[in-house]
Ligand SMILES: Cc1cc2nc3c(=O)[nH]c(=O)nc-3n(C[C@H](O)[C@H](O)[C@H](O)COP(=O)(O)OP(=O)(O)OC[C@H]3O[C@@H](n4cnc5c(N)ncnc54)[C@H](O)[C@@H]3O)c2cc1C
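So this first bit is one chain, no partners, the form predicted on its own, shown in structure tokens.
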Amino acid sequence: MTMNAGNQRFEKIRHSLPDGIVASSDSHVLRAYSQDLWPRKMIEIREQGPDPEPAMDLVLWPENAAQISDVARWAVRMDCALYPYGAGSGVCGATTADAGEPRPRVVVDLKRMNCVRSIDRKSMTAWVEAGIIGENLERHLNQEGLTLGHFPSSLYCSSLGGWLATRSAGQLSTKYGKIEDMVLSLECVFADGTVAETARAPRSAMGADWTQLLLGTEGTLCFFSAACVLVHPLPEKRVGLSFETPDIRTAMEFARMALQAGLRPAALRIYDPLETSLTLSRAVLKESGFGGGAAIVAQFEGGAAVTDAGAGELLRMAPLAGARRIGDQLAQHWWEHRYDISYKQQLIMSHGRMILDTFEVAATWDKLQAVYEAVKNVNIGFGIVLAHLSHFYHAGANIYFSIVAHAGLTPDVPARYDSIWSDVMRAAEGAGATLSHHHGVGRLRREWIMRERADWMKIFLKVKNGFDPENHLNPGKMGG
């Protein structure tokens, strides 16, 4: 077989690989690891065909932190760029290489690091390796009568390390928090091969919080090899409730009142009227007695007494906020089908010239309605903008927008994607939102993080230079 450029570059460096590291330069493997699920790249491949050559030159599968350390030191000696890889389910291009990267490009896949090392039932924590897939972690904990409480829509195809790298959110975040709220300590491997653990305590005032500094940096400062996470008993009881409001503004106010009154439903979902009509089951809406407007689903879980009390208080509060209770068939249907939508998107993306993407922003309550209206009013041509709210806090909430569009007469579909993306981002930015709530930055939002946090990104680049002075770790990301 004729070697491609990646194979040829691999030949120059493979003789120096650390002992015991499993590696591949097979062209099919390299292609698989040259992209994640970034919709723009998928559109580009659909419209223009695959790239002539894989973007990556080599894939490595370390099995422990010591081997990652060996790989990091090797990369410095051989001047290679390293790209941390979990399950490849990211939607922002965070694991992909820029075309201009001149050094050998090496993927470091952590999926062989997939063990639950230990569980401390008194402290209710677990040490878990970063490569474990979310579903496997949750199943392991369930067998012990426990749960992490983290249920992203990508649970079946995303890893703990990916969650840490992007500050992931799960469907039950209103009760359990986002991933950064669940981490007590991190085991990290730095660019010079140093293996270190951040402080393991419920809170500390010993200087900066290194755990929070490293979370969300998408492999640009270190590898996450393991994490100590908080776990919880499996819930004794679940209660699902359904409501409707005449409009999204009333629904937002209902949610604000509930959160600021101290209620913490495991899940709270508000669907705007358009998304309600297009994505929720019409049969179930009818069965639930839905009359129109915005649909709301709430799910409480935990100890029986606390769960009943929380659900009861939300029911008492609803009419005061202008919300009407409807049949709980809607809440039950949501719970049973809450992962379905992620697997239906390909039905749209399989059609030529179609554009589909989602983006999630967050804002404080005083700005939330303006953010919603600004994005919904963007003219995206032949298409629609759907919206639901799915993560709630004392001070504000997340809005999750979905764009479904056709490129129309524009000959360059990826360029049309870029134009739509720019327009909706500008609208959200202008209304006061932060431009990522849980998908991270990657290549997609590289320009936007520099706009939103320009002064702080100058400081971050100084931090990056201190951790990784030769820019070996995921170069080209986070403004670097």
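Numbering starts at 1 and follows the sequence shown. Values in this document were obtained by computation on a predicted structure and should not be read as measured data.
There is another form of this protein, the form predicted in complex with this ligand, and it is not shown here; the text below is about that form.
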Please pick out the stretch from 213-221, 312-320, 243-251, 290-298 that is in contact with this ligand in the predicted bound form, where contact means heavy atoms within 4.5 Å.
213-221
Is there a heavy atom of Ile380 no more than 4.5 Å from a heavy atom of this ligand in the predicted bound form?
no
Would Ser173 show up as a contact with this ligand in the predicted bound form if we use heavy atoms at 4.5 Å?
no
Would Ser153 sit within 4.5 Å of this ligand in the predicted bound form, counting heavy atoms only?
yes
Is it the case that Ser158, even though its partner is missing from this view, gets within 4.5 Å of this ligand in the predicted bound form, heavy atoms only?
yes
Consider the chain as shown here, without its partner, and state which of Ala87, Leu280, Leu368, Val229 has a heavy atom within 4.5 Å of this ligand in the predicted bound form.
Ala87
Which pick from Ala169, Leu330, Ala255, Ile399 sits with a heavy atom within 4.5 Å of this ligand in the predicted bound form?
Ala169
Could you run down 432-455 and flag each residue that has a heavy atom within 4.5 Å of this ligand in the predicted bound form?
His438, His439
